[in-house]
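Quick heads-up: it's one chain on its own, the form predicted alone, in structure tokens.
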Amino acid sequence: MGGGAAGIGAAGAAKQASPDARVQVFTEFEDVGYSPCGIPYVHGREIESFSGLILQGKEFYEKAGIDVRYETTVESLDVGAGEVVLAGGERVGYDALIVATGFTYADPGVPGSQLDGLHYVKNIRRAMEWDPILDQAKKAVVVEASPLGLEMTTALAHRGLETHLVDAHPWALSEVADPDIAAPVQASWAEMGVQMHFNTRLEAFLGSTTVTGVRTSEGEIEADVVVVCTHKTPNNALARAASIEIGSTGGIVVDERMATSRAGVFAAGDCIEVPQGSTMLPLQGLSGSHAYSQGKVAGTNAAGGQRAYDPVFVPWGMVAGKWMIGGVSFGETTAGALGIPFHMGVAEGISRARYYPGLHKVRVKLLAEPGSLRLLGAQMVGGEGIKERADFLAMAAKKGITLRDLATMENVYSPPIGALNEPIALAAQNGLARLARGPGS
């Protein structure tokens, strides 16, 4: 159930594990196998058209032997009978079921949520219909500085709209990123003309039938378009109704095989929760690459294979404003809020040789476990190489690499692509130096 990254990944893996298996995918949408993560960049005109986001056409799945039932709603699960019940009453039996029902955007919980013109970035067909409106629009409001909110704020500013970002928190992406990591992004937004409204609550969407603006705790903002970027909540209504165990985050509980509490039922993607590697705290709502990998594990096991999914260390990264930001698991703010003790090293380096054109500053913060100095998390902001550093540091955390290891790491030195001193090593050396100076340094 579900035609997103997890559902399609699961279908392909099931077919690979058991080529003779009959694999069906149910999706309520008109398409599968496209990249919703690319939608903001088409709106921002960094990508020319939506067609580039379609990864595979319908004929691909037909040739692969995967029966995709488009625009088909599953109304309930009869786990006891081993059947899904479709809208209209048709019952479809299964030997193994994979729940990949994804997410829904959190309800803003304010008046006007039913107004026409509120845009939610998810379905590529709706994005295609909405995009021409941007050619006529002058003012836009983005609700919440979530990861999608950062992308849409940047995209709409690129598109030339007067863009307002409304968020109740004190800085952008404050539930994930530290303020010194977000600061360059916000400065670049200011250069792009973005008007930021932090510490500002959304109180209502305004308009009679179509949204014309928002009312906030700091006043009203007129808008031709409003994009709702509230956080993702697991779409688990069918699983909950079928008495499948739900965890503390609201995600479906799965084991390392992606098996749920009900025999023969697996789950993957944004509807589940998985443990963070160093704390084993449950996490929910990760990236598309996580969802796809989980789907692969679920599909393989559902078809009789053997595959396991490890706890996650959550490398993340994105372009926001004129910067790239990223990290691994916990930043200084998040670790502090969760009561996780840490020792930190911080450094600013450069992305290329200092004489080579186009170099960017790279700020790196490393969090390590006191005593062992095992890497717990990281935060970064720079202009290039953030994604690769986040991927590397996530693996380093998974393998128990310490600040001492990172302080003496080897690195590529080539003027166009790498400086003499790797910023990660500099941050680790700073952490060791602070430790040598003693408490309070």
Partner chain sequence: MSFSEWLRTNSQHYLLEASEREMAKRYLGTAPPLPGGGVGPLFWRRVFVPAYRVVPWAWRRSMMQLMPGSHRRHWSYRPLREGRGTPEP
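Numbering follows the first chain given and starts at 1. None of the values given here were measured: they were computed from a predicted structure.
There is another form of the same protein, the form predicted in complex with the partner chain; it is not shown, and what comes next is about it.
- Stretch-level contact analysis of 70 to 78, 142 to 150, 260 to 268, 318 to 326 against the partner chain in the model of the complex, using heavy atoms and a 4.5 Å limit, identifies 260 to 268.
- When contacts are judged by a 4.5 Å heavy atom cut-off, His197 does not count as touching the partner chain in the model of the complex.
- Using a 4.5 angstroms threshold between heavy atoms, Gly336 counts as touching the partner chain in the model of the complex.
- Contact annotation for Ser35: none of its heavy atoms lies within 4.5 Å of the partner chain in the model of the complex.
- When contacts are judged by a 4.5 Å heavy atom cut-off, Asp310 counts as touching the partner chain in the model of the complex.
- Within 4.5 Å of the partner chain in the model of the complex, a heavy atom is found for all three of Ile246, Ile340 and Asp405.
- In summary, among the residues Glu90, Glu175, Glu220, Asp95, the only one with a non-hydrogen atom within 4.5 Å of the partner chain in the model of the complex is Glu175.
- The contact residue chosen from Val228, Ala368, Val274, Ile124 relative to the partner chain in the model of the complex is Val274, the criterion being a non-hydrogen atom within 4.5 angstroms.
- Annotation for 237 to 257: interface residues with the partner chain in the model of the complex are Arg240, Glu245, Ile246, Gly247, Ser248, Thr249, Gly250, Ile252, Val253, Val254, Asp255, Glu256 [heavy atom within 4.5 Å].
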